[in-house]
Every structure is written in C-alpha cells, then in structure tokens.
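Take a look at this one chain, the form predicted on its own, written out in structure tokens.
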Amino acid sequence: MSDVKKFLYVNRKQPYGTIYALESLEVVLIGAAFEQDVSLAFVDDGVYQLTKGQDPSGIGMKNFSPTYTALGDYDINKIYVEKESLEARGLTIDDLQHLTWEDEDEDWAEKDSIRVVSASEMAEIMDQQDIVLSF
C-alpha cells in the first residue's frame, strides 16, 4: 500500500478580493513539490479562477492566473471543473485557460488537464480522496 496520500484542493471563491484563491494555489504547489498526489476542483465562484484574460489591476491586485499554466510542470494534471457551476455563470470550457501536461508514457504527448464533470461526478471524486481541503 502506498504512503502517498491523495489530496483534493477545492476552490470555491472568486480569484480576487480575498486571499483564498492565491493561498490555495501556493499550498497546491508546495504539496506537489513534496510529491503529494494533488488534484484540484473548481466549483461555485471558484470557476472564475481559471478564466482567460483576467485583469485585476483596477483593484490593485497582481494577476496570478498565469501561474495555473505551470501546474503541469509540477505533475498536477487532475483539474476538475464542475459543469453546473460553469453553466450557472454563463461560462463554458472555452472561457477557461488551456491547461496541459506532458505524458512521458506517450512520448511527451501534450494532454488537457481540465476535466469538466457533473456535480455527482465531483462528489465521487471527493469521496475517493484521502484529504479534501476547501478554500
């Protein structure tokens, strides 16, 4: 039996105006650096964290959204976005950043990291984790 715990970081808050999104991203990167089995989930207003073209300069905050493109470099390739949360906000997968990872088992083929899942699928994913942290 593996000692590696499965961690799911659930992102529920908008990307700016609170520290939750940035803190979650920092904790995720630290966890991956320590070789945890890391997954991310984006639900409710958390789906806005992955949208393209963010510009928080009007509220005096730094745009940290480009950091999400580095997740694949940390072997973080299980990124789940709840379909119902997207739909409730008038968004589709096309409104989200294109996040990828390279599969070394398939000659470094580039693959999509984001998987849009239903609320019931998200519940199953959460149930399969050893640790779920909500931000």
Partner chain sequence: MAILHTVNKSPFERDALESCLKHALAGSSVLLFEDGVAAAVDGTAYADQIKGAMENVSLFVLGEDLKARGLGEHKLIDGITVVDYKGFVELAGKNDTVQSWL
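Residue numbers count along the first chain shown, from 1. None of the values given here were measured: they were computed from a predicted structure.
One more form of this protein, predicted together with its partner chain, exists but is not displayed; see below.
Interface membership of His98, defined by any non-hydrogen atom within 4.5 Å of its partner chain in the predicted bound form, is ruled out. Interface residue remark: Gln14 is counted as part of the site for its partner chain in the predicted bound form, having a heavy atom within 4.5 Å. When contacts are judged by a 4.5 Å heavy atom cut-off, Phe42 does not count as touching its partner chain in the predicted bound form.
Taking the partner from the other structure, its partner chain in the predicted bound form has no heavy atom within 4.5 Å of any heavy atom of Ile93.
Interface residues of 25-62, taken as those with a heavy atom within 4.5 Å of its partner chain in the predicted bound form (partner not displayed): Asp45, Tyr48, Thr51, Lys52, Gly53, Gln54, Asp55, Pro56, Gly58, Ile59, in sequence order.
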